[in-house]
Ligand code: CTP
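Given next, in structure tokens, is a single chain: the form predicted alone.
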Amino acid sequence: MLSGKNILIGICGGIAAYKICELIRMFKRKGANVRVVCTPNALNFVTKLTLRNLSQNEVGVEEFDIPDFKPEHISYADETDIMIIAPATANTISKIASGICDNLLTSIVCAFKKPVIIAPAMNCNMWENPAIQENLKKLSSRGYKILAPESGYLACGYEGKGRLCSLEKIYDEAAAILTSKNRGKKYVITAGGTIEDIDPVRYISNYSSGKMGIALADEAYRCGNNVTLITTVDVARPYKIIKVKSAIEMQQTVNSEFEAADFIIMAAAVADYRVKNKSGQKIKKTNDDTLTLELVKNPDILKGLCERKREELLSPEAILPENKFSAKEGKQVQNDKIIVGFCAESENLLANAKEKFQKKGCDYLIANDISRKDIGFSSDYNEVTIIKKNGEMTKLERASKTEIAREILKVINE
């Protein structure tokens, strides 16, 4: 049931706009509060009166029609749990991808910080246009959920891919997000390989692309969670991004985010060592055939987080899960954080992963084989084994990192 859920449906100017009337009814039958915003051209295909009667709310069209002195694009964004844009035209998709806000719908999307589902519908040749595909890829990378159109006979007389996907698919995707247990939580996720300076022009690092950590952050965000991504790679996303460089910087940032977190997922490849005395100036080449660098261990961030969690559990203020507050001054203490580590191995994957799991003390450990080119560094695919605290193991066969991320989130939310 979707009782109490607030859904915003954005309708663009395409022939499939008439189908959205039934989608509104589907959500209303399940108790959701539905609001509708249309582009001006959408009203050429469906009337404002019809949409108002079905949704039992006023329909937004004009950007500066402001009731109660509230900017509409901000109030719509603030008062909604999820936004669905269907049918999404090539024009509106391109505007959103470029950050153009020239009508109420595009202005709302720009201000929207919650899950957005985009269901495109257009002529098959428009769908295949490289510019449209590039814009869709851009939106997907920013955390928008794209429900690809279906193939069939199109209103323009062509036959091909471009029909709006089924209403059931749109409904199921939105309902899954709105009713998921994995929703409304605070996720802190790390990504990328840390960089340890040798001098101003050289450094020690690794081949990590950050794709797995970013995929996890994207999926957590799509499920309606508060996400903070701590990353060493440049990335543009609608959720909070904190850019760091070294292991020390990552440790400091993760520690500062620890208190508010429900889930901490350490997917970054943190350098084990750093240069003990990095040079403030470029190290010049000499006549010697060798150069010696003295390395020192970096802090074990994952182990430190697990120890901090245990210390909180053993503190006098700690509470059991069934209690609400500690005895001391009624202070609420969070003791149910889930800490997830990653283990990248090139040999003896499970044996090394189990040993690391025992040493770190985390709740879950994700083991992946970096020796395989089809799932290793920089690949868009992965295959992992999830080790749980009770000793159980779940293997996720090779799939896209997005699919792997989705399954990991399901397991750690069981």
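Bear in mind the structure is a predicted one, so any value in this text is a computation, not a measurement. When you see a residue number, it is the position in the sequence shown, counting from 1.
As for the form predicted together with the named molecule, it is not shown, yet the points below apply to it.
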ask   = Residues in which of 340-348, 159-167, 92-100, 224-232 have heavy atoms within 4.5 Å of the named molecule in the predicted bound form?
value = 340-348
request  = Name the residue from D78, E259, D336, D272 that puts a heavy atom within 4.5 Å of the named molecule in the predicted bound form.
outcome  = D272
Listed residue that, although the named molecule is not shown, lies within 4.5 Å of it in the predicted bound form (heavy atoms), from D300, E249, E173, D197 = D300
request  = Report yes if any heavy atom of A86 sits within 4.5 Å of a heavy atom of the named molecule in the predicted bound form; otherwise report no.
outcome  = no
ask   = Is there a heavy atom of M266 lying 4.5 Å or less from a heavy atom of the named molecule in the predicted bound form?
value = yes
key: the named molecule contact at K356 in the predicted bound form, heavy atom, 4.5 Å   = yes
key: Exercise: K360 in contact with the named molecule in the predicted bound form, heavy atom 4.5 Å   = yes
ask   = Looking at the named molecule in the predicted bound form, which residues in 1-40 have at least one heavy atom within 4.5 Å of it?
value = none
